[in-house]
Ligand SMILES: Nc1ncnc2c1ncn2[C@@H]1O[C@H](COP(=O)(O)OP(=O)(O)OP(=O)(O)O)[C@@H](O)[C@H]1O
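Shown below, as structure tokens, is a lone chain in the form predicted on its own; questions about how it binds or moves come after it.
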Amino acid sequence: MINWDEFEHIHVIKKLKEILSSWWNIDIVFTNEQGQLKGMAPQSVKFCNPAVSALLTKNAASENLTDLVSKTLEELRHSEHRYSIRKWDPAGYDLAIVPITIDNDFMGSVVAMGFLNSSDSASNRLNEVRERLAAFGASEQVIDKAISTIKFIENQEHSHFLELVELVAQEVITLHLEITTRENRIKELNKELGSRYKYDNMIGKSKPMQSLYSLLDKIKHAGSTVLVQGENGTGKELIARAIHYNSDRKDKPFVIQNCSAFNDNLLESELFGHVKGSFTGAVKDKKGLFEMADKGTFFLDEIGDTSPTMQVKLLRVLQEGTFIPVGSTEMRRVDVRILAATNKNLKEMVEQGTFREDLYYRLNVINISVPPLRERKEDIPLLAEFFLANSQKNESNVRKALTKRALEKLYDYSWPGNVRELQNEMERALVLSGAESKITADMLSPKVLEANEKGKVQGARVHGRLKDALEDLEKEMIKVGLRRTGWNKSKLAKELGISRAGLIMKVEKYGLDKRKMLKG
């Protein structure tokens, strides 16, 4: 079942409608397979031609349109034609009817209305429109304005404007298939994974998170060093906690130190401790964090920020389990499982000579790569619901929920700040929602709303040569599609309804290869 309400808000469709309106004063409406108008209320929509809106609010005219579209779709079902141009008798206008076909089934249609075919006598057609509108009770003022806005479409223009109308139909099909695929994917995961959407305080049902859970299950009882790598805000500390509290060391200390928080001298004292009098201010012996973590787990966050000198000292602890406190000559031994994390590419740092190779390999016994939120967007509803509930846990009022439109905006945002940014966004939206029971799209921050628009096809031109406008639109659709599919050309070609070879030629034509786009 197609959700028709979605399509009035789709940016590409809005831009295509703008082009059709600007060039030919043509309106676009959607119908279901029975020919009934969908996705809008005629009385609330401002059409290019004022008479169109007036007629669609009249039962007789609207029923006539339904019958006409229904009969046309039935005829197209048994023909090889992709569209049909018919006269809408109540108004005297012509219509272009393009079916929306999914899996060889007619699900509805896109109807372009408000124009006249130039193959007939212009004066006769205009007089006919005037008579029909007068018969339906339109005022002289409305009739005169309607006549002044009618466009005659030349024969050579038919293919151009019909191509745009067919693009609208294709966008409806593409979006419907994307939504269906997403819903099916979530259903499959739910069926496969049952109720498992958490691992300690981590939340997610997506495939990357399930792979992460599986890996954590395998390593939690081992004593091996673990290197957790991922962007800021992805939850690296949560993973470290999950490893510790599901391990055999769970009843022993779990110690955390951010390696970027201190300079070398202070960090050395913090990690290894010091003896009284070892430096100014050392008025008594101090036990270091390694000693405090003995028999437990030590989480070294931002380890990529440590200096070469500190890296040598950390390597000794990892290899031998020994260290010397600052100012002491006595070597001490500890039994500590090391978990380290960084948002930097340590392998590149090794190649650049800024991180010790031996320490890298000693840390990287087990590597955990934490997926950014943009690569597991199926988890956004779960995470958003969790953050909203958590923020309201001390309140007795009704729990708030996101509207479908707001959730769509969250899906479209790239989340550079990852899960932490989503949490902040939900807290902000909760405050702005006030007494409302629903969190709507307009309550989201401007960066989410603006980025959502920037990620879509922007600035489709409505002036100049039609060929250039179509090429601009084609380029932007391919550019957005490549990013959305992770440069999977076979998948995108199928979505766009062209061959893979044809897509590759267009990628080369518009200079959209992956390296150039990422560099840009």
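Note that the structure is a prediction, hence the values are computed from the model and not measured. When you see a residue number, it is the position in the sequence shown, counting from 1.
The discussion below concerns the form predicted together with the ligand, not included here.
task = Indicate whether the candidate residues Pro253, Phe272 and Ile338 are all in contact with the ligand in the predicted bound form, with contact defined as any heavy atom within 4.5 Å.
result = Not a single listed residue reaches the ligand in the predicted bound form, so no.
Next on the checklist: Counting any non-hydrogen atom inside 4.5 Å, which residue from Glu302, Glu385, Asp294, Asp412 sits next to the ligand in the predicted bound form?
Outcome noted: By the 4.5 Å heavy-atom cutoff, the listed residue in contact is Glu302.
In the predicted bound form, the one of Ser328, Asn343, Thr440, Thr72 near the ligand [non-hydrogen atom within 4.5 angstroms]
Partner contact (heavy atom, 4.5 Å) among the options: Asn343.
Quiz prompt | Contact stretch among 441-449, 310-318, 121-129, 420-428 - heavy atom within 4.5 Å of the ligand in the predicted bound form | solution = Going through the listed ranges, the match is 420-428.
4.5 Å heavy atom contact, Thr234 to the ligand in the predicted bound form | Because a heavy atom of Thr234 falls inside 4.5 Å of the ligand in the predicted bound form, the answer is yes.
| message | If we define contact as a non-hydrogen atom of the residue within 4.5 angstroms of the partner, is Ile147 a contact of the ligand in the predicted bound form? | response | Although the ligand is absent here, Ile147 would stay clear of it in the predicted bound form, with no heavy atoms inside 4.5 Å.
Self-check item: 4.5 Å heavy atom contact, Ile368 and the ligand in the predicted bound form
Solution: Answer no; every heavy atom of Ile368 is more than 4.5 Å from the ligand in the predicted bound form.
The ligand contact in the predicted bound form: Met209, any heavy atom under 4.5 Å
Contact check for Met209: yes, within 4.5 Å of the ligand in the predicted bound form.
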